[in-house]
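Just the one chain here, the form predicted alone, laid out as structure tokens.
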């Protein structure tokens, strides 16, 4: 079911002004705390009334400030999954899910059993919420929401209160359930890993406005603004002057990085002499082994730097290299086994390659 919204609301100096359309996608609404993510869900669902604009589900306008249309929450057929589960404590798992089934649909028992199987709750049908783990409660709440056959599903940071292992399983569950029930879904999160795993499409919101929306690969690897690059974890964001254009590339000079060659699609090129921002994700940077001959893929953009700090992140490590004569730091993210194999430690000077196809030039 298609969903389109163009809504605005002011709270003092803070203003929400967003417009987006999607079909049976799973869209992640991603951004920092206080950006307005939850408020957008509440305006779509009808919990909060926009000051102006419209919300359209399929071909039906459920809100339109110009014509005075304002469907009540119960008539919008929107499923809203809150952070706190909101299960009925006096009902069993089976009864909680059955509560969501529309009596007119018929076959309630079969529907509930199907959802119990889909959400991995088999064997827990007779338990009460107090007898469930956090992950089980969340799956039960999701099953109850799906039981009402909503046209749109809104998920407000549904996994934020759960531990890491449980969150991982539930993310995989959500993708599997969305394949089985391809409902137009918006999931709110400020967790970068969650956004990357779940977001087939991602909308990055900042200060009440959507700065970029599109396919995951476009948003993560081709950010439209410096803020988007910052929010999605592109730690390496630099400024330079355009020194040359042509042959599908742009040449940029930076005081600490030197001359940088970056891939530039035809028609996107900035003017020579203009100042631009450019970025590269930490995991896209290659460490050059001193005992290896450079091949053609890594001969451009060779940077030398001293490792000044290292931070472990589970299976990876983040190394920070001090480059040039200033205070410029380059973040490199590598698997632990690579760090051990190359004996990369604080104080060591290494060379890295910034492949030109992995560098993205931000036009604005």
Partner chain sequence: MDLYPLYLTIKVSFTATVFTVAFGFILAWVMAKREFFGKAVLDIVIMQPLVIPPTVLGYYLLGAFGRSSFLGRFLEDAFGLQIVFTWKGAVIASFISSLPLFVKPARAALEGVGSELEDAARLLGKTELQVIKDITLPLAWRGIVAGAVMAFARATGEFGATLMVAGNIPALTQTLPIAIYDAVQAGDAQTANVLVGVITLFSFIVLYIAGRFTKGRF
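Positions refer to the first chain, counted from 1. All values derive from a computational prediction rather than experimental measurement.
The same protein has a further form, the form predicted together with its partner chain, not shown here; the description that follows concerns it.
Engineer: To test your reading of this chain, name the stretch in 254 to 262, 79 to 87, 177 to 185, 236 to 244 whose heavy atoms come within 4.5 Å of its partner chain in the model of the complex.
Structural biologist: The contacting stretch here is 79 to 87.
Engineer: May I ask you to choose, among 282, 100, 199, 208, the residue with a heavy atom within 4.5 Å of its partner chain in the model of the complex?
Structural biologist: That would be 100.
Engineer: Identify which of 73, 172, 272, 286 has a heavy atom within 4.5 Å of its partner chain in the model of the complex; exactly one of them does.
Structural biologist: Going through each option in turn, the one that passes is 73.
Engineer: With heavy atoms only and a cut-off of 4.5 Å, decide whether residue 292 touches its partner chain in the model of the complex.
Structural biologist: Answer no; every heavy atom of residue 292 is more than 4.5 Å from its partner chain in the model of the complex.
Engineer: With a cut-off of 4.5 Å between heavy atoms, is residue 47 one of the residues that contacts its partner chain in the model of the complex?
Structural biologist: Within the cut-off, so yes.
Engineer: Considering non-hydrogen atoms and a 4.5 Å limit, does its partner chain approach residue 148 in the model of the complex?
Structural biologist: Looking in the model of the complex, residue contacts with its partner chain include residue 148, since a heavy atom lies within 4.5 Å.
Engineer: Considering non-hydrogen atoms and a 4.5 Å limit, does its partner chain approach residue 91 in the model of the complex?
Structural biologist: Within the cut-off, so yes.
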